[in-house]
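This document opens with one chain alone, in structure tokens, the form predicted alone.
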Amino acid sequence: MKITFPHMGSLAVPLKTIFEELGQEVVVPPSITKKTVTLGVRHSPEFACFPLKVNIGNFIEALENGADTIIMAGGVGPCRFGYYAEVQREILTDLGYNFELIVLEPPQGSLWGLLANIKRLGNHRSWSEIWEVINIAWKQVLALDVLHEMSLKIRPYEKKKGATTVLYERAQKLIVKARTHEDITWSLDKGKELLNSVDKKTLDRPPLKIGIVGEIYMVLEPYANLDIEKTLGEMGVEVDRSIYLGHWIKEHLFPKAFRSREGEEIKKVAQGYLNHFVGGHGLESVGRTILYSRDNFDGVVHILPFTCTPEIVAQSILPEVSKDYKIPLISFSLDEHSGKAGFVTRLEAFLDLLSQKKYNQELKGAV
């Protein structure tokens, strides 16, 4: 069995750890490139979500590299993600690939359903061995999330453009190689030291603070979102990402008793604008924007795949939220046709407006 799976931010790291530590051979797809997207677009329905197209490209490249088993998540609700696995199966079968597709359906509040699927992939390992491997992978997820959040806070202060990214990538590699609790703890501490060693400049005024909301794949995957976090950070903006892999796992795969209260708070503040589940992260996009306003953020960037129904619902509501809570917002609907130049131009214009607004507020406060 040669296992593969799609890319989505740092997702490949814990999945590779789990399957390799359970004795399986893993074929990680090559990093997403224009070739990946071209392959996916060529063989996917025209109006399919952009993430599905990229997934198809991932799988074709992995199958060409020898993979024979694809691991894919399932889904429930209005979001088309629940159909991805079956659509992908049909496309790849029609292309003549010989493979097995194993769909890990959401456990709906019970971790045991997910564990039962992993048991099948566990090479006859005991439950205690499987649980220990999952714990290691979970600790990797949390460590990567900590380092990522640190990089977003440090990047606007870097003296040399790109310095934070270089050290962040070095810190990531330490976590990728760590396969014990002790090694992960050491690697995280070392990664923090690396990031804290970035040569920082003194700013005349605090940087703009922008929150990023939207569909999870587009928020987590740098290639899909045109590397927005790095772009904003190097423009001198402190970015806060509304979704992290660890947060998503905790909210969707952990039993309710182990989840944070954050999800309930988001639903509560969104009431009056959107009071029911619309699939994907549509509800979270609305609620998070309100919370960013309450936390005095300067603006919000909303990212969605072109034709994404849940986020289109959110997109239609967010202008009213922006007006009522007086928080500027810009929305980007992205797909394979999106270009970096126009994207950056719109971001620059948005930042100019935010800077002027903040400057005017400071003047009023000084009077």
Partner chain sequence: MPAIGIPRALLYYDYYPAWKKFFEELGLEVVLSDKTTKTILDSGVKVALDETCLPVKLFYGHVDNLKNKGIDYLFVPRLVSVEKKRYLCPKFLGLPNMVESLMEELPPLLDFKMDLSRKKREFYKDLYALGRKFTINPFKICLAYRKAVKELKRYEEKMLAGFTPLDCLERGEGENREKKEAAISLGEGKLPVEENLRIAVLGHSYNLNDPYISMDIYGKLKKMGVKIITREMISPSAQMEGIKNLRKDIFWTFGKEIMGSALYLLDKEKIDGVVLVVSFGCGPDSLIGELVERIYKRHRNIPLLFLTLDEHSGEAGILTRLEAFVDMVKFKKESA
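Positions refer to the first chain, counted from 1. Since the structure is predicted, the reported quantities are computational estimates derived from the model, not experimental observations.
Not on display, but discussed next: the form predicted together with the partner chain.
Note that among 272 to 280, 181 to 189, 143 to 151, 128 to 136, the stretch whose heavy atoms approach the partner chain to within 4.5 Å in the predicted bound form is 272 to 280.
The putative spot formed by I32, T36 and W248 is not touched by the partner chain in the predicted bound form; no residue has a non-hydrogen atom within 4.5 angstroms of it. Although the partner is absent here, N65 lies well away from the partner chain in the predicted bound form, with no heavy atom inside 4.5 Å.
In the predicted bound form, the partner chain stays beyond 4.5 Å of every heavy atom belonging to E265. Taking the partner from the other structure, the partner chain in the predicted bound form has no heavy atom within 4.5 Å of any heavy atom of E336. When contacts are judged by a 4.5 Å heavy atom cut-off, C79 counts as touching the partner chain in the predicted bound form. Proximity to the partner chain in the predicted bound form, defined as a heavy atom within 4.5 Å, singles out one entry of E90, D295, D199, E193, which is E90. This chain lacks the partner; the member of V300, L304, V54, I70 within 4.5 angstroms of the partner chain in the predicted bound form by a non-hydrogen atom is L304.
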